[in-house]
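Encoded as C-alpha coordinates, the following chain is the form predicted alone, with no partner shown.
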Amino acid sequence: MPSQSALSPAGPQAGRIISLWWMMFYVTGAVFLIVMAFLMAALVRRRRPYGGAAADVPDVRPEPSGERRMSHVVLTGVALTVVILFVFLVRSYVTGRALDSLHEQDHLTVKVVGHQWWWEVSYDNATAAYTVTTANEIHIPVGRPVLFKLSSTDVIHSFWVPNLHGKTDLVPGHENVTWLKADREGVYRGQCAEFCGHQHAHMAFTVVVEPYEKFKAWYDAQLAAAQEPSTESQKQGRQVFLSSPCVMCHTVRGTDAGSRVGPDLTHVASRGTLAAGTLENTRGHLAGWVVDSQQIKPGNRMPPNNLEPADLQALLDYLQSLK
(Lines give C-alpha, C1' and ligand atoms only; values in the text may rest on other atoms or scores of the structure.)
Protein backbone atom coordinates (compact mmCIF):
# COMPACT_ATOMS: atom_id res chain seq x y z
CA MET A 1 0.00 0.00 0.00
CA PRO A 2 1.30 3.49 -0.81
CA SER A 3 2.26 5.57 2.19
CA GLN A 4 0.29 8.77 2.84
CA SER A 5 1.36 10.37 6.10
CA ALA A 6 2.83 13.76 6.83
CA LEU A 7 4.19 12.22 10.06
CA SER A 8 6.51 9.96 8.05
CA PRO A 9 8.66 12.34 5.99
CA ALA A 10 10.62 10.90 3.09
CA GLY A 11 12.22 14.11 1.84
CA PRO A 12 13.91 17.27 3.15
CA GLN A 13 10.88 19.55 2.69
CA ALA A 14 8.52 17.18 4.48
CA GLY A 15 11.15 16.80 7.22
CA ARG A 16 11.26 20.56 7.79
CA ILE A 17 7.47 20.80 7.82
CA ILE A 18 7.05 18.00 10.36
CA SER A 19 9.80 19.48 12.54
CA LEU A 20 7.87 22.76 12.71
CA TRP A 21 4.63 20.86 13.35
CA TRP A 22 6.08 18.86 16.26
CA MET A 23 7.50 22.01 17.83
CA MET A 24 4.08 23.69 17.66
CA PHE A 25 2.39 20.54 18.93
CA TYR A 26 4.58 20.23 22.03
CA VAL A 27 4.51 23.95 22.87
CA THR A 28 0.75 24.36 22.44
CA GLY A 29 0.19 21.07 24.28
CA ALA A 30 2.23 22.34 27.23
CA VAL A 31 0.35 25.65 27.21
CA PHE A 32 -2.97 23.79 27.22
CA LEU A 33 -1.94 21.65 30.21
CA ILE A 34 -0.73 24.71 32.17
CA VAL A 35 -3.96 26.62 31.50
CA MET A 36 -6.04 23.61 32.53
CA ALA A 37 -3.99 23.30 35.76
CA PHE A 38 -4.59 26.95 36.65
CA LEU A 39 -8.30 26.57 35.85
CA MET A 40 -8.63 23.55 38.12
CA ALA A 41 -6.78 25.34 40.92
CA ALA A 42 -9.12 28.33 40.60
CA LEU A 43 -12.18 26.09 40.69
CA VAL A 44 -10.98 24.27 43.79
CA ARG A 45 -10.06 27.44 45.71
CA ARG A 46 -13.11 29.57 44.82
CA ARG A 47 -15.85 26.96 44.63
CA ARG A 48 -19.21 28.29 45.98
CA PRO A 49 -21.28 25.89 48.12
CA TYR A 50 -24.12 24.23 46.16
CA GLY A 51 -27.42 26.07 46.60
CA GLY A 52 -25.87 29.13 48.22
CA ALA A 53 -27.31 32.54 47.39
CA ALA A 54 -25.27 35.53 46.36
CA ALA A 55 -26.27 37.34 49.55
CA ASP A 56 -24.81 34.52 51.65
CA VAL A 57 -21.35 35.08 50.23
CA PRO A 58 -19.31 37.43 52.40
CA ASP A 59 -17.83 40.52 50.79
CA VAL A 60 -14.19 39.54 50.82
CA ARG A 61 -11.94 42.03 49.12
CA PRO A 62 -8.49 40.83 48.01
CA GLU A 63 -5.50 42.18 49.84
CA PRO A 64 -3.13 44.47 47.92
CA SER A 65 -0.38 41.84 48.06
CA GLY A 66 -2.73 39.29 46.44
CA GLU A 67 -3.66 41.74 43.69
CA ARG A 68 0.00 42.36 42.98
CA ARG A 69 0.67 38.62 42.72
CA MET A 70 -2.28 38.21 40.36
CA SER A 71 -1.05 41.11 38.23
CA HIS A 72 2.38 39.50 37.99
CA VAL A 73 0.83 36.18 36.94
CA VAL A 74 -1.26 37.86 34.22
CA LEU A 75 1.68 39.91 32.93
CA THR A 76 3.89 36.82 32.91
CA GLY A 77 1.25 34.93 30.92
CA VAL A 78 0.94 37.76 28.39
CA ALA A 79 4.73 38.02 28.04
CA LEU A 80 5.10 34.26 27.52
CA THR A 81 2.32 34.34 24.92
CA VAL A 82 4.09 37.09 23.00
CA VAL A 83 7.41 35.23 23.17
CA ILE A 84 5.83 31.96 22.01
CA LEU A 85 4.07 33.64 19.09
CA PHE A 86 7.29 35.42 18.10
CA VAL A 87 9.19 32.11 18.18
CA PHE A 88 6.48 30.53 16.01
CA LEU A 89 6.73 33.46 13.59
CA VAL A 90 10.51 33.20 13.26
CA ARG A 91 10.50 29.41 12.99
CA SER A 92 7.73 29.50 10.35
CA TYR A 93 9.64 32.09 8.34
CA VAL A 94 12.88 30.09 8.49
CA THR A 95 11.04 26.91 7.49
CA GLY A 96 9.36 28.68 4.57
CA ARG A 97 12.70 30.00 3.31
CA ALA A 98 14.24 26.53 3.63
CA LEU A 99 11.38 24.95 1.66
CA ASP A 100 12.03 27.36 -1.20
CA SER A 101 15.81 26.86 -1.20
CA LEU A 102 15.91 23.64 -3.25
CA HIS A 103 17.08 25.08 -6.57
CA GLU A 104 19.70 23.01 -8.37
CA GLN A 105 20.89 22.91 -11.96
CA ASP A 106 20.84 19.12 -12.24
CA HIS A 107 17.14 18.53 -11.82
CA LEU A 108 14.21 16.80 -13.46
CA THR A 109 11.27 18.87 -14.72
CA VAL A 110 7.76 17.45 -14.54
CA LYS A 111 4.63 19.23 -15.73
CA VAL A 112 1.39 18.33 -13.98
CA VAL A 113 -1.98 19.48 -15.30
CA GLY A 114 -5.07 19.02 -13.15
CA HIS A 115 -8.33 17.90 -14.76
CA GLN A 116 -11.70 17.03 -13.25
CA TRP A 117 -10.77 14.46 -11.92
CA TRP A 118 -7.38 13.13 -12.97
CA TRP A 119 -3.76 14.23 -13.34
CA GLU A 120 -1.91 14.64 -16.63
CA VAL A 121 1.83 14.16 -16.15
CA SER A 122 4.54 14.99 -18.69
CA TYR A 123 8.32 14.94 -18.36
CA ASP A 124 9.81 18.01 -19.95
CA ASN A 125 12.69 17.60 -22.39
CA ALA A 126 14.36 19.96 -24.83
CA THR A 127 13.98 17.26 -27.48
CA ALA A 128 10.31 16.63 -28.19
CA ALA A 129 10.93 12.98 -29.05
CA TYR A 130 12.12 12.38 -25.47
CA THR A 131 9.03 13.84 -23.80
CA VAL A 132 7.06 11.30 -21.79
CA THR A 133 3.35 11.71 -21.07
CA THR A 134 1.46 9.58 -18.59
CA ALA A 135 -1.38 9.95 -16.07
CA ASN A 136 -1.93 9.68 -12.32
CA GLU A 137 1.46 8.09 -11.66
CA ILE A 138 4.76 9.95 -11.25
CA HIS A 139 8.15 8.23 -11.21
CA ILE A 140 11.15 10.11 -9.85
CA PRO A 141 14.72 9.03 -8.99
CA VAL A 142 15.67 8.97 -5.33
CA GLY A 143 17.91 11.82 -4.19
CA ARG A 144 17.42 13.99 -7.27
CA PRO A 145 15.58 17.36 -7.12
CA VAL A 146 12.45 17.60 -9.23
CA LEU A 147 10.87 20.85 -10.41
CA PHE A 148 7.10 20.55 -10.74
CA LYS A 149 5.28 23.00 -13.00
CA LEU A 150 1.62 22.95 -12.02
CA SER A 151 -1.45 24.20 -13.89
CA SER A 152 -5.14 23.41 -14.32
CA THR A 153 -7.56 23.24 -17.23
CA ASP A 154 -10.80 23.82 -15.32
CA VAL A 155 -10.96 24.67 -11.59
CA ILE A 156 -8.46 25.12 -8.76
CA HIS A 157 -6.83 21.87 -7.67
CA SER A 158 -4.09 21.34 -5.08
CA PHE A 159 -1.04 19.09 -5.46
CA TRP A 160 -0.14 17.37 -2.18
CA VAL A 161 2.15 14.44 -1.38
CA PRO A 162 2.16 14.40 2.45
CA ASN A 163 5.31 12.27 2.76
CA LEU A 164 7.30 14.57 0.49
CA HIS A 165 6.07 18.17 0.70
CA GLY A 166 3.25 20.56 1.50
CA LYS A 167 0.41 21.73 -0.73
CA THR A 168 0.66 23.81 -3.92
CA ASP A 169 -2.40 25.02 -5.81
CA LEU A 170 -3.00 24.46 -9.53
CA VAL A 171 -4.70 27.59 -10.81
CA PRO A 172 -6.38 27.87 -14.25
CA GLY A 173 -4.46 30.24 -16.52
CA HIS A 174 -1.46 30.42 -14.18
CA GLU A 175 1.56 28.16 -13.69
CA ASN A 176 2.76 27.53 -10.15
CA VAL A 177 6.04 25.78 -9.39
CA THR A 178 7.26 23.69 -6.50
CA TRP A 179 10.39 21.67 -5.81
CA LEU A 180 10.42 18.16 -4.44
CA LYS A 181 13.17 15.77 -3.44
CA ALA A 182 12.79 12.26 -2.04
CA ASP A 183 15.47 10.73 0.17
CA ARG A 184 13.82 7.35 0.62
CA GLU A 185 12.60 4.83 -1.93
CA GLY A 186 8.96 3.85 -1.85
CA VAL A 187 5.49 4.46 -3.24
CA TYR A 188 3.74 7.54 -1.86
CA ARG A 189 0.14 8.55 -2.35
CA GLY A 190 -0.75 12.08 -3.36
CA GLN A 191 -4.13 13.75 -3.26
CA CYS A 192 -5.94 16.82 -4.51
CA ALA A 193 -6.23 18.98 -1.38
CA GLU A 194 -8.59 21.65 -2.75
CA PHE A 195 -12.28 20.84 -3.18
CA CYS A 196 -12.75 20.68 -6.95
CA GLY A 197 -16.15 19.14 -7.50
CA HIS A 198 -18.16 15.96 -7.19
CA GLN A 199 -15.24 13.50 -7.37
CA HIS A 200 -12.67 15.53 -5.45
CA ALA A 201 -12.15 12.64 -3.00
CA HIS A 202 -11.30 10.31 -5.90
CA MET A 203 -8.59 12.48 -7.43
CA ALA A 204 -5.43 10.80 -6.21
CA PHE A 205 -2.08 9.88 -7.70
CA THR A 206 1.03 7.93 -6.74
CA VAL A 207 4.66 8.96 -6.66
CA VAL A 208 7.09 6.10 -7.20
CA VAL A 209 10.56 6.89 -5.84
CA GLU A 210 13.18 4.47 -7.14
CA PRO A 211 16.91 4.21 -7.87
CA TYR A 212 18.05 6.07 -10.97
CA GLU A 213 18.65 2.85 -12.92
CA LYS A 214 15.05 1.71 -12.40
CA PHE A 215 13.75 5.17 -13.18
CA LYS A 216 15.78 5.28 -16.41
CA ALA A 217 14.46 1.85 -17.44
CA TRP A 218 10.89 3.00 -16.78
CA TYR A 219 11.46 6.26 -18.67
CA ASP A 220 12.93 4.48 -21.70
CA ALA A 221 9.99 2.07 -21.75
CA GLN A 222 7.54 4.98 -21.63
CA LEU A 223 9.23 6.58 -24.65
CA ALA A 224 8.36 3.61 -26.83
CA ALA A 225 5.17 3.46 -28.85
CA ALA A 226 2.52 0.91 -27.95
CA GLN A 227 3.74 -2.60 -28.63
CA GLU A 228 2.14 -4.47 -31.51
CA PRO A 229 -0.56 -7.01 -30.63
CA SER A 230 0.89 -10.51 -30.36
CA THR A 231 -2.35 -12.54 -30.45
CA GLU A 232 -5.47 -12.56 -32.59
CA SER A 233 -7.53 -11.46 -29.59
CA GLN A 234 -5.26 -8.46 -29.04
CA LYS A 235 -5.47 -7.55 -32.72
CA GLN A 236 -9.23 -7.70 -32.54
CA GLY A 237 -9.10 -5.60 -29.37
CA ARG A 238 -7.06 -2.91 -31.08
CA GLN A 239 -9.62 -2.79 -33.87
CA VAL A 240 -12.41 -2.48 -31.30
CA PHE A 241 -10.52 0.39 -29.67
CA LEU A 242 -9.92 2.22 -32.94
CA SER A 243 -13.53 1.80 -34.10
CA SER A 244 -15.15 2.84 -30.81
CA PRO A 245 -15.60 6.25 -29.13
CA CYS A 246 -12.33 5.57 -27.23
CA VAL A 247 -10.33 7.28 -29.99
CA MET A 248 -12.28 10.49 -29.43
CA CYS A 249 -10.63 11.01 -26.03
CA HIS A 250 -7.48 8.91 -25.70
CA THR A 251 -4.03 8.56 -27.22
CA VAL A 252 -2.24 5.30 -27.97
CA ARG A 253 1.05 6.19 -29.61
CA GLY A 254 1.78 4.06 -32.66
CA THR A 255 -1.90 4.01 -33.67
CA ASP A 256 -4.35 6.49 -35.17
CA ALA A 257 -5.67 7.34 -31.69
CA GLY A 258 -4.28 10.76 -30.84
CA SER A 259 -6.82 12.66 -28.77
CA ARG A 260 -5.78 14.34 -25.51
CA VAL A 261 -9.14 14.80 -23.82
CA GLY A 262 -8.52 11.86 -21.49
CA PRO A 263 -5.40 10.10 -20.18
CA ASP A 264 -2.74 8.73 -22.54
CA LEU A 265 -3.25 4.94 -22.68
CA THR A 266 -0.04 3.99 -24.50
CA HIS A 267 1.29 2.20 -21.41
CA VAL A 268 -1.85 1.99 -19.29
CA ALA A 269 -1.16 -1.60 -18.20
CA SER A 270 2.06 -0.50 -16.48
CA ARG A 271 0.20 1.72 -14.00
CA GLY A 272 -0.82 0.52 -10.58
CA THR A 273 -4.26 2.13 -10.48
CA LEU A 274 -7.15 3.24 -12.66
CA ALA A 275 -9.35 6.34 -12.52
CA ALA A 276 -6.86 8.49 -10.57
CA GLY A 277 -6.25 6.05 -7.73
CA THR A 278 -9.87 4.93 -7.46
CA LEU A 279 -9.32 1.30 -8.51
CA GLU A 280 -6.49 -1.22 -8.53
CA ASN A 281 -5.46 -1.92 -12.13
CA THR A 282 -6.92 -5.40 -12.56
CA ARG A 283 -8.83 -6.96 -15.44
CA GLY A 284 -12.13 -6.93 -13.56
CA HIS A 285 -11.81 -3.30 -12.53
CA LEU A 286 -10.75 -2.33 -16.05
CA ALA A 287 -13.81 -4.09 -17.49
CA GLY A 288 -16.15 -2.28 -15.10
CA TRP A 289 -14.52 1.06 -15.87
CA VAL A 290 -14.72 0.59 -19.66
CA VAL A 291 -18.35 -0.56 -19.67
CA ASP A 292 -19.80 2.03 -17.29
CA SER A 293 -17.41 4.30 -15.43
CA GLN A 294 -20.32 6.36 -14.13
CA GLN A 295 -21.25 3.55 -11.76
CA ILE A 296 -17.77 3.78 -10.24
CA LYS A 297 -16.97 7.48 -10.41
CA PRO A 298 -20.19 9.44 -11.11
CA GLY A 299 -19.72 12.71 -12.93
CA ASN A 300 -16.48 11.88 -14.73
CA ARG A 301 -16.18 12.76 -18.42
CA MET A 302 -16.08 9.16 -19.76
CA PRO A 303 -19.36 7.90 -21.27
CA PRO A 304 -20.59 4.28 -21.00
CA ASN A 305 -19.52 1.86 -23.75
CA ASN A 306 -22.06 -0.67 -24.97
CA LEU A 307 -19.80 -3.50 -26.20
CA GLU A 308 -20.57 -7.07 -27.09
CA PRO A 309 -19.02 -9.53 -24.60
CA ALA A 310 -16.56 -10.89 -27.18
CA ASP A 311 -15.48 -7.38 -28.17
CA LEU A 312 -15.08 -6.37 -24.52
CA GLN A 313 -12.82 -9.35 -23.77
CA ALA A 314 -10.72 -8.64 -26.85
CA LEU A 315 -10.44 -4.96 -25.86
CA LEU A 316 -9.34 -5.96 -22.37
CA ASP A 317 -6.69 -8.27 -23.85
CA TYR A 318 -5.38 -5.39 -25.92
CA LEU A 319 -5.38 -2.80 -23.12
CA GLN A 320 -3.67 -5.18 -20.72
CA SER A 321 -0.90 -5.71 -23.28
CA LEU A 322 -0.03 -2.00 -23.26
CA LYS A 323 2.85 -2.15 -20.80
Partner chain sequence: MRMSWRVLLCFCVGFAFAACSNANKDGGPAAAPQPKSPQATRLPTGAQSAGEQEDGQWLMPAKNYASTRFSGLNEINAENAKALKVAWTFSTGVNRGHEAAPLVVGDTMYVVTPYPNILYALDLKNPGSVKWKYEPDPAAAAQGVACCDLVNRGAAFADGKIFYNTLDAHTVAVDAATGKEVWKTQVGDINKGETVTMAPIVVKGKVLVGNSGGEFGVRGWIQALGAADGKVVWKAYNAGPDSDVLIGPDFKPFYAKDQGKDLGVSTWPPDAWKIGGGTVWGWISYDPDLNLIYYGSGNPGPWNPDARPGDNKWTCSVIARDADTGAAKWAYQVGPHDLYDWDGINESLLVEIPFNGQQRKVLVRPERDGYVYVIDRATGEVLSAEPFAHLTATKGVDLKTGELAHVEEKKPGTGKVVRDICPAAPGAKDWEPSAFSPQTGLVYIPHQNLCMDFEGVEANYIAGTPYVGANVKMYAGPGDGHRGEFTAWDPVAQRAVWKINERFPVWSGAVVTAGDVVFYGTMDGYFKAVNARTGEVVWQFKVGSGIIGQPVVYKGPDGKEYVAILSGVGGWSGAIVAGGLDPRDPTAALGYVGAMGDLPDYSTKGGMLYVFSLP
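Positions refer to the first chain, counted from 1. Being a predicted model, the structure only gives us computed values, none of them experimental.
Omitted here: the form predicted in complex with its partner chain. The next part is about that form.
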Does its partner chain get within 4.5 angstroms of any non-hydrogen atom of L223 in the model of the complex?
-> yes
Is the gap between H115 and its partner chain in the model of the complex 4.5 Å or less for some heavy atom pair? yes
* **Close approach of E210 to its partner chain in the model of the complex, 4.5 Å, heavy atom** => no
- Any non-hydrogen atom of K149 within 4.5 angstroms of its partner chain in the model of the complex: no
With the partner omitted here, the residue among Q227, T131, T109, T231 that in the model of the complex has a heavy atom within 4.5 Å of its partner chain is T131
Per contact check vs its partner chain in the model of the complex (non-hydrogen atom within 4.5 angstroms), the hit among 121-129, 180-188, 135-143, 210-218 is 121-129
Those residues of 247-279 with a non-hydrogen atom no more than 4.5 Å from its partner chain in the model of the complex are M248, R253, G254, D256, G258, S259, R260, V261
